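One chain follows as structure tokens, the form predicted on its own.
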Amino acid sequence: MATTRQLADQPEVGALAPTSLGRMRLGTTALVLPASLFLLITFVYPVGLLLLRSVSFPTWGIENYATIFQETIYLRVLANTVVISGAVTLITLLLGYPYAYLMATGSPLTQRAMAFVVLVPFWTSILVRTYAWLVLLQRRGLVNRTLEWSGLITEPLDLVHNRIGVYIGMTQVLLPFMVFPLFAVMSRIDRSHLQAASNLGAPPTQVFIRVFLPLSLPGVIAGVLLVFILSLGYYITPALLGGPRDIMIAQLIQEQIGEFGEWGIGAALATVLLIGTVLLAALLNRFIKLDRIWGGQT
């Protein structure tokens, strides 16, 4: 029988030697290092340079930020960006929720067909889709001609180079980003909860409002957050379909840097947009716990 001293001298079963642990850590570092370098070169360095220019061009200081919050034009553009992004988010939610509901409650064939319809626009670039809307929505375009032929209008409507065109174009592009988070959550809702509510005498409307809708709220929040954040930085669609009063912050950044060479103001505007987006995500995470939402828990 082995003595206590002999047992103590033997290595524990499953224990790793220091050399093995070192090799594992070295291997993990070697795997992570390429991705870290890629992010450092393509994201951290450009963003850091942008932040630096916002306080160093043309002179060191916070004059660029003071100008943004003192000049009416910059505040108006910031307000436009928030209003347009919020309206597009609301429109995509109103359109995407019933669409995702039909997908989640339909047959597998219906789900595949509806998913295909939503995914088709991804096969075409945003620029091409925006130009297509420009052709369709112009005064002599297909939409106005159809409305005139049906007798709904007597004169062509102004659907482009205004806020309406921006809403239509951005909604069409961003709708999939609302539909798929909603569908991911709705498809995982336990149907036994709905059946239990029906068996207890609740009508279909009450089953939806008091059972299905609360369980689908994580998908609503995820889709709203995703669409709103993507809307904040939009450039091509409002530039082509919007008018002078519909300028968003991305257009203003391009104008300041590309046309006037005002790197300081452009960098400060981009920094304000970045900080606003991060604060929004942090605020939602503080009260809603985004890690649970992205995990798809219901």
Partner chain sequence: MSSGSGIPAAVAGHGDLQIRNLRKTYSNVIAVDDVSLTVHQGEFLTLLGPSGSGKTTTLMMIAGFVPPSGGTIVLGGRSLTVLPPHKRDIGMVFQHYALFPHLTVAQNIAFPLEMRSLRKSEVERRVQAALDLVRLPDFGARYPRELSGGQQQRIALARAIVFEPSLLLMDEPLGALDKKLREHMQLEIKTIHHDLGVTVIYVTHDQEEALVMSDRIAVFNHGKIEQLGSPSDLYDRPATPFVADFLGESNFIPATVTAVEMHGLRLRYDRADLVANVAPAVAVGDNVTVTVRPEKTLILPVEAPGSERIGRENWICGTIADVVYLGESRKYLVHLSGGVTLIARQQATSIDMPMLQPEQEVVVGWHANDCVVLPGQSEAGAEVTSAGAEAREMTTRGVA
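Numbering follows the first chain given and starts at 1. Owing to the predicted nature of the structure, the values given are computational and were not obtained by experimental measurement.
We do not show the form predicted in complex with the partner chain, though everything after this point is about it.
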Consider the chain as shown here, without its partner, and state which of Leu75, Val83, Ala196, Ile153 has a heavy atom within 4.5 Å of the partner chain in the model of the complex. Ala196
Partner proximity in the model of the complex: Leu147 to the partner chain, non-hydrogen atom cutoff 4.5 Å: no
In the model of the complex, is there a heavy atom of the partner chain that lies within 4.5 Å of any heavy atom of Ala79, even though the partner is absent here? no
Is there a heavy atom of Leu90 no more than 4.5 Å from a heavy atom of the partner chain in the model of the complex? no
If we define contact as a non-hydrogen atom of the residue within 4.5 angstroms of the partner, is Leu157 a contact of the partner chain in the model of the complex? no
Applying a 4.5 angstroms cut-off on non-hydrogen atoms, the residues of 191-227 near the partner chain in the model of the complex are Ser192, His193, Gln195, Ala196, Ala197, Ser198, Asn199, Leu200, Gly201, Ala202, Pro203, Pro204, Gln206, Arg210, Val211, Pro214, Leu215
